[in-house]
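As a starting point, one isolated chain is supplied in structure tokens, in the form predicted alone.
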Amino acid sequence: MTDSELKGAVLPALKKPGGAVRDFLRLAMEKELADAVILPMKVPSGDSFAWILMNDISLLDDAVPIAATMPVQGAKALRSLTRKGPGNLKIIAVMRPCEIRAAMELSKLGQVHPENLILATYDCPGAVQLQKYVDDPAGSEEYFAGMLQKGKPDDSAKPVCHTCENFSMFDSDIHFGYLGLSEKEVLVIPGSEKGSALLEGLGLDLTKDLQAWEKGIDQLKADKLNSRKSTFEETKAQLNGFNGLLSVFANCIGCHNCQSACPICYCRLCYFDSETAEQDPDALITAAEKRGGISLPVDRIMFHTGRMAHMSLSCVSCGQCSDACPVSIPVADVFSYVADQTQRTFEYTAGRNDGDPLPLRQFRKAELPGVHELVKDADAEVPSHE
């Protein structure tokens, strides 16, 4: 089906977009087209959200499909659910586009098995920074309501949300669209054969033209691309040379929270948390004597550059790393910029469900001349010892 042929079904949104999504999920479970759903729900304290896997339809009344903030990246929830296999239940997972994209990257690494999952995305206006939400849940909900209404992030949102170009439909099975439309309607749009089968089973009439919605999305995307360009230029200037890198990460305390929060850091044991990375005391003392002193903990810059080299091809710019940083380092700005450069070099878009493996897991003969030139250039830079 081409984009021009794509149609959607209209869902009444008398209870706002989140209510329309809940009603859709309730109908799917009542008709036994889904055995369970996974989506956010507020924790009892009211200052955060947790991912809940539920097959009790009554629990949907308290679910929040479109949550104001992201305490845990949804791909991590799907990884814990399907890491050992797809399971036998058909489950609808409602998540932000960046969460679904991260899940697709993990599926290429065999850590998420989406065979029995129906992945549902929605138009994402942005997400409130986690610390701001924890400090002021009620105020943050008001900010987020405004973001939903305007369709774009405000000052309370994560910085990366202002530059995110993949905030709408992106290779999901179904998508809920509402940005730029009347407040009284939400579109549900199939994105795959699996999604089309679900909507057909629900008896939804796919006759709604998408042009008005697409026009609104295109305008929002154009605004974000302009913001993305200026933000990346600023980040590039900050990262100028090794001293620039040192300056950006100067306050790093080596907690590795960014790694723990990242959905793409897929290693079961990170090298930087292993015994191999532990430093011998005598070696540290020797290094301190040579330099006059060394900063502890060591290898903080190596940690960040190592992580960038390891996962920038799969980075989806969800901003969880910055949310997790206790000293407010703009980790996500740096990683988003580096990921943009890396992915463009490999002509790869993280999270695209096109059947292609990760670039570094696939050898293409046509790339060999380029690799040869890189090796030659590196050899030329090595000083002669003759």
Partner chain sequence: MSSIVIDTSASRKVKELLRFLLDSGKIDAAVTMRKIPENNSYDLTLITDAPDLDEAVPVIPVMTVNAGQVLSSISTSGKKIAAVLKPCELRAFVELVKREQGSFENLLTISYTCGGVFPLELVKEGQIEELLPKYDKTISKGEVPINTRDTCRACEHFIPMNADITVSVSGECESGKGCVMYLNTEKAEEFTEGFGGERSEQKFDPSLFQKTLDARLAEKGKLFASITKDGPGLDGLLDLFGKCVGCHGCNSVCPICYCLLCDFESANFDYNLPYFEEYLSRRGALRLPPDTIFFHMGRLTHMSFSCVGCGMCSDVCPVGIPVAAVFKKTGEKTAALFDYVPGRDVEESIPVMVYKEEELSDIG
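The model shown is predicted, which means the values in this text are computed figures rather than measured ones. Positions refer to the first chain, counted from 1.
Keep in mind the form predicted in complex with its partner chain is missing from the figure; the text below concerns it.
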property: Which of 143-151, 272-280, 209-217, 102-110 sits within 4.5 Å of its partner chain in the predicted complex, heavy atom basis; result: 272-280
property: Every residue of V10, A197 and T231 near its partner chain in the predicted complex, heavy atom within 4.5 Å; result: no
property: Interface residue in the predicted complex among V134, L181, L204, C265, criterion: non-hydrogen atom within 4.5 angstroms of its partner chain; result: V134
property: Contact label in the predicted complex: D340 to its partner chain, heavy atom within 4.5 Å; result: no
property: G139 within 4.5 Å of its partner chain in the predicted complex, heavy atoms; result: no
property: Exercise: P357 in contact with its partner chain in the predicted complex, heavy atom 4.5 Å; result: no
property: Contact test in the predicted complex: K158 vs its partner chain, heavy atoms, 4.5 Å; result: no
property: Contact set, 243-258 vs its partner chain in the predicted complex - heavy atom within 4.5 angstroms; result: A250, N251, I253, C255, N257
